[in-house]
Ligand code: GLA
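Before any questions on binding or motion, here is one chain by itself as structure tokens, the form predicted alone.
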């Protein structure tokens, strides 16, 4: 047998791998859920708003529905002190981030923070480039449970390498944190993100519209759905395609569009991050965000992302296998006119999943059993509306 000389460099690499080679446990065995400040408040955030949001998450039912991360996005930071430690805005956050994190934790929630892999954040605040290990230690000392890491002011940085540095920094800091890669799908993070982060943004930023895009690349609900369609094979427990934050409750989407929005994010097993002012929600908005049957599709432990099974003009039918032998079908109407549907759900999909006539069909928005797979699923779908059904075995109908 040949003798192998293990050099010092190899020993160092082996040591580093043993420290950094795996993500923290199963922090994201199912897609993370929570609330992020950006969609509603942008830079206009402060300690009072965050405390009130924490109160509302606990009192409105969002926390109990699974929304347990409260993530403070860009604009909380103003600079660095003489030692290089990042500073929270003293006017907007007078108690400091550690005490604010303690308040968030006291509400049974988890505390999320934001930074950027470049030299500056997207709003010109200090980024973490060159300060990764120091910032990770700082966030850990504040009790952070989640880091959203953006991709502005990155110059000629390599994305995979840049995100790996912060991953290593988080590991060395020693506090388990969900690590959210947010480089907008520019460098195909689904191909390399699995061993670096728990989730990665697969698209440009969402904007508050159903079918549109703008000059800087912001995308509406339908545009994001189309980009997510072919990425399902890259996602699963512990590593998720992130379709971006929700626009439910922000006053532009109609209620049918909001139901479709949440339904498809659930079908994709995307993280669900509310982005509205949850201190002032209508009963309709609360009922959409907290629908337990729709959330269960998103949080299904198999973590399989939907495939586009059928397309008939503006009518699309999406399919997703669920734990326990159940299946979800989501019918969406992309268009501005009503569309009829008359669909036999009995089928074999990808030569793996066989659906016979022994299933009960449950409408997850109406919370009603509407038939069985012995009969076709029939009806009229209104413009921009959705039908989300769960197929259950007859002997499991009561579960």
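Residue numbers count along the first chain shown, from 1. Predicted model, so just to flag it, every value in this text is computed and none were measured.
Beyond what is shown, the protein has a form predicted in complex with alpha-D-galactopyranose (GLA); the following relates to that form.
Enquirer: Each of 47, 76 and 93 near alpha-D-galactopyranose (GLA) in the predicted bound form, meaning some heavy atom within 4.5 Å?
Expert: Judged in the predicted bound form, none of 47, 76 and 93 sits within 4.5 Å of alpha-D-galactopyranose (GLA).
Enquirer: Indicate whether alpha-D-galactopyranose (GLA) has at least one heavy atom within 4.5 Å of a heavy atom of residue 254 in the predicted bound form.
Expert: Heavy-atom contact with alpha-D-galactopyranose (GLA) at 4.5 Å: absent for residue 254.
Enquirer: Is there any non-hydrogen atom of residue 164 lying within 4.5 Å of alpha-D-galactopyranose (GLA) in the predicted bound form?
Expert: Judged by the heavy-atom cut-off of 4.5 Å, residue 164 is well away from alpha-D-galactopyranose (GLA) in the predicted bound form.
Enquirer: So, in the predicted bound form, is residue 148 in contact with alpha-D-galactopyranose (GLA) at a 4.5 angstroms heavy atom limit?
Expert: Result yes; residue 148 sits at the interface with alpha-D-galactopyranose (GLA) in the predicted bound form.
Enquirer: My question is simply whether residue 38 lines the interface with alpha-D-galactopyranose (GLA) in the predicted bound form - judged by any non-hydrogen atom within 4.5 Å.
Expert: Contact check for residue 38: yes, within 4.5 Å of alpha-D-galactopyranose (GLA) in the predicted bound form.
Enquirer: Looking at 77-85, 284-292, 148-156, 192-200, which one sits within 4.5 Å of alpha-D-galactopyranose (GLA) in the predicted bound form if you count heavy atoms only?
Expert: In short, 148-156.
Enquirer: Please identify the residue among 245, 104, 221, 170 with any heavy atom within 4.5 Å of alpha-D-galactopyranose (GLA) in the predicted bound form.
Expert: The residue in contact is 245.
Enquirer: Which residue, 179, 327, 234, 114, has a heavy atom that falls within 4.5 Å of alpha-D-galactopyranose (GLA) in the predicted bound form?
Expert: Contact with alpha-D-galactopyranose (GLA) in the predicted bound form is made by 114 alone.
Enquirer: Using the arrangement in the predicted bound form, list in sequence order the residues of 112-127 with any heavy atom within 4.5 angstroms of alpha-D-galactopyranose (GLA).
Expert: Those in contact are 114, 122, 123.
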